[in-house]
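A single chain comes next, written as structure tokens; it is the form predicted on its own.
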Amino acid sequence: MPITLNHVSYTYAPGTAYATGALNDVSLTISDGEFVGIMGKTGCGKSTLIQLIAGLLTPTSGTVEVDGRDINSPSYDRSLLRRRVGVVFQHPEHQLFETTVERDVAFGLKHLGLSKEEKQQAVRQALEAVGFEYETVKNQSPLSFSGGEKRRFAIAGVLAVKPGILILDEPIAGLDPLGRQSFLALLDRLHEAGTTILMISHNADAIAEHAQRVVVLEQGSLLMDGEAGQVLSENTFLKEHGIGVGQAAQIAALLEAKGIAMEPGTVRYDDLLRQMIAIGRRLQQ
């Protein structure tokens, strides 16, 4: 079942002199298995949006439905949401606190009624999913590892619950190129296995390469919503609204400006490279 926002608005500190509107009448449906990139300038409402979907905030008006049920209804069992939706905030490595990697990754499993063996298996699978050998790291302190490794442990703690919906807020910010590539490959594997993914990022190239659909917010309202190639190829419009444009999209636009026809929606490096190779072959003939 999809995630559905029906005319959702949210105001911080309503009824006070400090009232601030964060979202304004946003309606949105995200189908099962989609990979959606969420973009927009700082302060546009991106983080508020994902906190509403995760049930961490309650809308000022409108409804948020997951699997066809209003998650803010008094009759809704919030434990269902905790199992269904996993959230990875910015710098999740700062949330590590247990004495061992195994204890930290298993923290979210405490109230799921699992046996010791089932918890251990869930932790093992989650650690392996993010590239660790369970036996090697399980008894070590998570705080003794590098920043990128800590982030992977924190993400493993979310994955251990096996959420069907994974929400990420700037998950690749601060990662080195290798760590970024490894993490995005993990998201691709999770997506291929059927996980619905919502990812906030200012990195237009990462969104272009991995997301199927892009939602752009501006001042709390929905500015754009469409297929990734369609949205991210609107270079001039995006720049006018302060949204980053990916390098592949910029190169495709420069080639178009030189009179070299490119396929509509060229925003991914593989698509750009394929067309440039074909152009080179035609010139050699």
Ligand SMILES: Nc1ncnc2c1ncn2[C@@H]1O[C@H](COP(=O)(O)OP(=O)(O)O)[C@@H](O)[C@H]1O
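Numbering starts at 1 and follows the sequence shown. All of these numbers come straight from a predicted model, not from anything done at the bench.
What comes next is about the form predicted together with this ligand, which does not appear here.
When contacts are judged by a 4.5 Å heavy atom cut-off, Ala22 counts as touching this ligand in the predicted complex. In the predicted complex, Gly43 approaches this ligand with a heavy atom inside 4.5 Å. When this ligand is considered in the predicted complex, Ser47 lines it closely, a heavy atom lying within 4.5 Å. Contact between Tyr12 and this ligand in the predicted complex is found at the 4.5 Å heavy atom cutoff.
Figure note: of the listed segments 47 to 55, 28 to 36, 223 to 231, 240 to 248, the one touching this ligand in the predicted complex, with heavy atoms no more than 4.5 Å away, is 47 to 55.
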